[in-house]
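The form predicted on its own is given below as one chain in structure tokens.
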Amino acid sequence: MKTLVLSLLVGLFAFATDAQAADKLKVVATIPDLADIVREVGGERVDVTALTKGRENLHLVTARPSHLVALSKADVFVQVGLSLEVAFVPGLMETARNPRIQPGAPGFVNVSEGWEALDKPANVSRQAGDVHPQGNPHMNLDPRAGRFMAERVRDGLIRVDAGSKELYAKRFADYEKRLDEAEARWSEQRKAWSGKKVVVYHQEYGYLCRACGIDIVGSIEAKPGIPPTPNHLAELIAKMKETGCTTVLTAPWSNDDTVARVAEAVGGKAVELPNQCGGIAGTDTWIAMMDLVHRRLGEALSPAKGP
């Protein structure tokens, strides 16, 4: 008899757990940054899947069957936009045929909507490299972007789940307080960086450098998405020596021998920064990622003075 009662209780618990899981909104985010912000705003109301892991070149992500399964079941889809995910999202969305998350549907969230983009091309041509018609898509690395992205996530969750509006509003307000503290911390850290010079591998750090007052004097890529030629590297190294630039910013995916050679040629250093959450240890959340970004920039641009 006791065994029967125990079995019934276990069955009831399992049923309740399954029902609770089924009641959660299934959210698919393209990158871990967005997945983190969805969890911050959505709390226990959301079950989140990120399509990337954190170390990829986001312009070259390959769609996988697991991505398609996740999208077909999703209630909400969250992307950066600005063509950042153009290599893999359009095909997945078309194949998934999930009307809840198609562009224009309540469950489609584009966090860059309304964002003032940098580097908008005057004309789009393959001769200019892998340019984006709407401008630089790496807005997730702007210190101001956490609040901007979270607002759009909050609004998207409310559209789909209006009954939980108060929960989402409260959690967003709590997240804003932590963003206020973080932004004040970052603002203080970067006061000494105005006018400092760096070279980047790719254009990921345009928004970051603008916010920090850092001048980008060149890119290792000959053009966006185009590998460097020997002539281009020679000209870049000469310019770095001329301007006194000794810092090269690179993402995990691009931190290769070329980056090391350029930094060595000017007696400088390569600084690896994440281009999305999770790509480097200690960057599991967006705030933690930006903390690490500012710490590494500080170590490179404002080194501690010896005795």
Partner chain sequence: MNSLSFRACVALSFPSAVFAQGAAFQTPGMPTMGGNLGQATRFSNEFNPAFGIAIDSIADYLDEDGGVDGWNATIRSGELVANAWVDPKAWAYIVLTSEGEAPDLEEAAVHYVGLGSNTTIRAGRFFVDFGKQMQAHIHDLRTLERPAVLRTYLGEEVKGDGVELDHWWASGDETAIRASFGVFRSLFPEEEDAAVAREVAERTSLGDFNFTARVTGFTDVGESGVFQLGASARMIPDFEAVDTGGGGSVAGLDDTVLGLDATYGWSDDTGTRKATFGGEFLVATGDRVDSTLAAFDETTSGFYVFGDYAWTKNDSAGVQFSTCELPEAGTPDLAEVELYYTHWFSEYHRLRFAATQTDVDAGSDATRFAVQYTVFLGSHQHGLNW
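Numbering follows the first chain given and starts at 1. Note that the coordinates shown come from a computational prediction; the quantities given were computed from them, not determined experimentally.
Beyond what is shown, the protein has a form predicted together with the partner chain; the following relates to that form.
Open item on the list: Contact check in the predicted complex: 79, 105 and 282 versus the partner chain, with a cutoff of 4.5 Å between any heavy atoms. Do all three pass?
Closed with: Contact check failed for every one of 79, 105 and 282.
Open item on the list: Partner absent here, but in the predicted complex, which of 266 to 274, 36 to 44, 54 to 62, 236 to 244 has residues with a heavy atom within 4.5 Å of the partner chain?
Closed with: Stretch with heavy atoms near the partner: 54 to 62.
Task: in the predicted complex, the residue from 83, 95, 164, 110 that sits within 4.5 Å of the partner chain by heavy atoms - done: Checked against the cut-off, the match is 95.
Open item on the list: in the predicted complex, is there a heavy atom of the partner chain that lies within 4.5 Å of any heavy atom of residue 230, even though the partner is absent here?
Closed with: Residue 230 lies outside the contact set for the partner chain.
Open item on the list: residue 260 versus the partner chain, in the predicted complex: is there a non-hydrogen atom within 4.5 Å?
Closed with: It does not: once the partner chain is placed as it appears in the predicted complex, residue 260 has no heavy atom within 4.5 Å of it.
Open item on the list: Contact with the partner chain in the predicted complex for residue 225, defined as at least one heavy atom pair within 4.5 Å: yes or no?
Closed with: Contact check for residue 225: yes, within 4.5 Å of the partner chain in the predicted complex.
TODO: State yes or no: in the predicted complex, is some non-hydrogen atom of residue 73 no more than 4.5 angstroms from a non-hydrogen atom of the partner chain?
DONE: Result yes; residue 73 sits at the interface with the partner chain in the predicted complex.
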